[in-house]
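For this one, two forms of the same chain are given in structure tokens, first as structure 1 and then as structure 2.
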Structure 1
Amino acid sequence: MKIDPDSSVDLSIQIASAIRDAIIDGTLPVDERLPSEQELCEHFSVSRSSVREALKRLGAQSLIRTQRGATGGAFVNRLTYAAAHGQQITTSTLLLSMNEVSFSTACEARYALESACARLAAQRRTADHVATMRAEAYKQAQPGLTDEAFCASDVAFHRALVDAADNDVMSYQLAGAVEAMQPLMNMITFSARSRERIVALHNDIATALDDQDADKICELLNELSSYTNSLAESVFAERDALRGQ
């Protein structure tokens, strides 16, 4: 593990990157105890504060865990897709909220990823997945449902479709699309959308899933994508017009 003391990059970031690379390439295997803080200080020729900051960064990424006591220290974590799920949501939410990704790009990615899992979902769906989607669509059709509750139900509906694919890797990748991108899309478009149209599309998607018709699911998702983008365009145009007054 090496760092460049002459680099303009913060030492703690370099140390964290060096340790992360050692974890990824297997030099530091899962459950392996990392060298002590003092040993890391000597290895990298840095101060203890730089090492501690590096370890904090690695801990925040769930790459290491710390244990107290005589046999304690920092250990390489056994990372799972389930454990990384929340981090994926947080990162995607930050990228979108900070305008690092445009609405159209996020929308395109979300529905492309969801369509990609539709074929597996059509093959592997269970009665429970279909029932969950129908229940959420029914909830969305109820008069008096708040915007917040509608948005939460919208996320639950699409999460059930993703879960039907029964693939941990796809579920992880779609966490950023469904639990992060979708709520932010809802925040932008809720004032302009037709709930009736969305509920109708959701009911048709649930029926297509029940029929194991992957092509129909993708067709309906494409329609939902086009509708979502058109809503956003109208909302943004209205905002621009108000700013121009």
Structure 2
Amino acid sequence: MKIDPDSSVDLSIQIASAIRDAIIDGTLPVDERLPSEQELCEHFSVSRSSVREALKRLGAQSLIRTQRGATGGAFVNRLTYAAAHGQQITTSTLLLSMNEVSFSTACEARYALESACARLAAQRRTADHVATMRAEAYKQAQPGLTDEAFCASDVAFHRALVDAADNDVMSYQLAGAVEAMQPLMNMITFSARSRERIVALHNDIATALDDQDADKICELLNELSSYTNSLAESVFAERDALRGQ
């Protein structure tokens, strides 16, 4: 890919694109070392600043990593599920917060996607998954738990359900959806009574998973979805009422 210094497009963008394309089409395989910054300067006929800015762009997308020292340089990163996952969460979180996505829309999406895992999870669940879910439900029942800790445990619970489906691609997709919702969930204050209700549903879900009863899980997820939604609605209604004063 060639660089056009007269283009209206920034050099660092052009250079980053060229290298990115080489990575995507396999010209630069995983763990391959890129030419040094000096060599890239000569190759593209640009200054080191432009090359460096291009490399930072690629670094921000986890496409490369850099290492200092004699044998250092920039290396093509193997994109891990964890890294991709982290990026997806950042993106999804921002998307939700910047676009005034309604709670009900996000909630609906989350539980609908989660139900998709239910069938597979019911088939493939191991004792470990069920145990994790029960442990989280137990934690959620502890008095004195902060709302944030409650939400974090909620994420862990659902994460275990998703992982039970034993499909890496699905875990990656779903975990992003579930975790991106957490800032929205954190806006809810959970009363002792509402927590009790949620924990009960969680325990029922764990049991249904143990029994490999997919339909039951879906039914319970639906219930959880509408309950969460109604909780959110009352919180928002209260907030709006206070604002109206």
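Worth saying up front: this structure is predicted, and the values here are computed from it rather than measured. Rigid core: the largest C-alpha set superposing within 1.5 Å between the two forms. Structure 1 provides the reference sequence; residues are numbered from 1 along it.
Engineer: Just verifying the output here: the form predicted alone should be either structure 1 or structure 2. Which one is it?
Structural biologist: Form predicted alone: structure 1.
Engineer: Answer yes if the CA of residue 74 moves 2 Å or more between structures 1 and 2 after aligning the rigid core, and no otherwise.
Structural biologist: Indeed, residue 74 is displaced by 2 Å or more.
Engineer: If the two forms are fitted on the core, does residue 83 show a Cα displacement reaching 2 angstroms between structures 1 and 2?
Structural biologist: It does shift by 2 Å or more.
Engineer: Taking the rigid core as the reference frame, tell me whether residue 40 has a CA displacement of 2 angstroms or more between structures 1 and 2.
Structural biologist: Passes the 2 Å threshold, so yes.
Engineer: Align on the rigid core first, then pass along the CA displacement of residue 193 between structures 1 and 2 in angstrom.
Structural biologist: So the C-alpha of this residue moves 6.6 Å.
Engineer: Supposing the core is put in the same place in both forms, how far has the CA of residue 7 shifted between structures 1 and 2, in Å?
Structural biologist: Here the C-alpha difference is 10.8 Å.
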